[in-house]
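Here are two versions of the same chain, shown separately as structure tokens and labelled structure 1 and structure 2.
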Structure 1
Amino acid sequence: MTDALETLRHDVRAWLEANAPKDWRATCTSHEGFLATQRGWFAKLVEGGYAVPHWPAEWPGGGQGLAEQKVLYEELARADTPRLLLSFMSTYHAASTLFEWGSAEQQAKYIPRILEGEIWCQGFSEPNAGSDLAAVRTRAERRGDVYVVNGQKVWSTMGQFADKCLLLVRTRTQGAKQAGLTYLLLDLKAKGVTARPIHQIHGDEEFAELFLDDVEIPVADRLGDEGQGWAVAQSTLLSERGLTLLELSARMRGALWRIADLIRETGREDDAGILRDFGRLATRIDAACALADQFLANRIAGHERVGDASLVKLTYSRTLRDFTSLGLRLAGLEAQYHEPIVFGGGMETGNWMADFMNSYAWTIAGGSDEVQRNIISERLLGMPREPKTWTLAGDAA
């Protein structure tokens, strides 16, 4: 590590010691506490110049390279600060798409509001469309200076708390599916918008579904040309720079003490099976952190291969499952009691049943484990591509 990075780490660590919230896990057991904590912590990071290191240099705190961002994420994980779930979509997906596709007027209108705390969500997924983005059916019809939109979106992260939405709509049904998509910026306070939270199995409501009934969106709030939505959406999906998995892996290693405490509290210090599983888990977490670290180093050096990110994600999701599974096993029957959810608390809160159920989300979100395995086998290992048309034995008859 260079002297400059060491200095940055020292500065960030000192700043976090003075400014990181200390009691956020206790206050985030209600949505009101979660929202207040997230908004307050984001504002503090903006003030300190650590909220948007990935933005261009002309913005406060921007212009940092991946190596500098890595140091910041490592220190945020080390200090056990709240993850910025509420503003993540705003600072990454919305901002990056606006920087690449937005006009000067659109950037001037929307980017400063993100730093002021405006919340964005993403309106891509739809019922019956699965992971097929090109299957979007929400319709937008242009009438003069506005688009009139009708349809439904689902799995919009933090959608029930958001102010704006990155909306992918269909403006043409003829020709290639991808060519009929258009990208709009939706004000969620517009007439005809209904946001309904989705209650998840572990008690949280991280997602919402959006219902759009004759919603009018000005043509001036379109990104790219009409029919260019597929290309704009690809920019949105590529906006996150891969540092999330590095941060999450570091947070999991930092939470290993929870398992060690459980072993002591349950009197399992001499249980050879438990100690074996704990040792394997610790080794796997170290490997996950090393893999994420190597991935970022390769990206910085320009040596990233297609499929490397899948390897990191698959390793993290499987290790997280093992982590929460061992915690749930050690906690025993008491873990079956309902405990208040720490909203936005991450995946290692010590509420073992909730943590275990939440760990399954990471085997689906951002591409399922099965998809990641296909990418790894085809792109990294050079194995034959998965057949697109096949039948089970006997089906042909």
Structure 2
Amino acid sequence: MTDALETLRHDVRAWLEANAPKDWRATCTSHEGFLATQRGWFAKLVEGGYAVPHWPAEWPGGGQGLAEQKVLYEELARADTPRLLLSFMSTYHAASTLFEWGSAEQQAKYIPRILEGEIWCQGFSEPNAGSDLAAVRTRAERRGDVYVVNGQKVWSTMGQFADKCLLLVRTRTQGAKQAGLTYLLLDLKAKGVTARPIHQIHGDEEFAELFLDDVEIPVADRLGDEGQGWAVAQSTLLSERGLTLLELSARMRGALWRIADLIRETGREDDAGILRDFGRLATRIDAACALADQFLANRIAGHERVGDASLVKLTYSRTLRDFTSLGLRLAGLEAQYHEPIVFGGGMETGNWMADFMNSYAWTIAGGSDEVQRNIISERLLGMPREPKTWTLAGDAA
């Protein structure tokens, strides 16, 4: 560790000691408390210059290298701060897509508002277009200066609380499925938008269905050209499968003390089986962190291969499941109590049953494990491609 990184770590630690919210688990057992905590913590981080280290240098708090970002994530985890679930899509998915594809006008219009707390969600998935994302059917018809959009989206994380949406729509039904897609920026307050929360198994409502009924979106709010939506969507997905996992992996490593504490509290320090599983987990978490680091270093150096991000995502989702299931096993009967849910939590709620159930979400969100394996085998290992047998209604057979 260089002197500059040591100084950064020292500064961040001191800043967190003075500013990190202390009692957030207690306040996040209601949606109102969750929203207030998330908004307050994000605003504090923006003020401190720590909210968007991964953004370019011209933006406040941006321009940090990989090593600096890691220090920050490690310290955020160490201080046990809430993860920024509400602004996660805004600062990662929306921002990285806007930086890559947005015009100067679009960046000037949208990026500062993210720092002011505007919330984005992602409207890609539909009831019959998840893994097969190219099967999107939500229709956008151009009428003069606007697109008129009709259709349904599903599983939009934080969609019921969001202001804006990254929307993938179909502008053409003929020809290759991918070539008919277009990427729009939707204002969720627009006429004709209905967001309905989806209730989950552990009691939370982390995502929403979006119904779009003759919604008008200005052509000026299109990212990329008409028909270029598939390529633009890849930027969003790459952020989801790569960059965000640097933070998540660092946080999982930072949360290992939860398991160590549990081993002590339950008197299992001499249990060889538990110690073996703990050792195995710690090693896997280290490997997940190393893989995420290497991925980003390769991306920055321009050496990224198609499929690398899938390796990172697959490793994270499997390791998270190991982490939460060891916690659940150790917590025993106590974990069976249905404690009040800490809304929007992941691995960090302290409620092992909720965390365990939530870990399954990561084996699906952003592309399921099975699909990541397909990508790895086809794109990285050069195995034969999976036969494609599907067609879109209206396609020529």
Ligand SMILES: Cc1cc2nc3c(=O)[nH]c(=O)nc-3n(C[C@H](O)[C@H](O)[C@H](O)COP(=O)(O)OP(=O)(O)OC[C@H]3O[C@@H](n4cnc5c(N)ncnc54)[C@H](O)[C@@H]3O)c2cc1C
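By convention here, residues take numbers in order along the sequence of structure 1, the first being 1. Remember, it's a predicted structure, so these values are computed and weren't measured experimentally. Between two forms, the rigid core is defined as the largest C-alpha subset superposing within 1.5 Å.
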Next on the checklist: Between the two structures, is it 1 or 2 that corresponds to the form predicted alone?
Outcome noted: 1
Next on the checklist: Superposing on the rigid core, is the Cα displacement of R39 between structure 1 and structure 2 2 Å or more?
Outcome noted: no
Item to check | C-alpha of N374 off by 2 Å or more between structure 1 and structure 2 on rigid core | outcome: yes
Checklist entry - Fitting the rigid core first, would the Cα of F278 be found 2 Å or more away between structure 1 and structure 2? => result yes
Checklist entry - Upon rigid core superposition, what is the positional shift of the Cα of A297 between structure 1 and structure 2, expressed in Å to one decimal? => result 6.9
Item to check | After superposing on the core, C-alpha shift for M353 between structure 1 and structure 2 in angstrom | outcome: 2.7
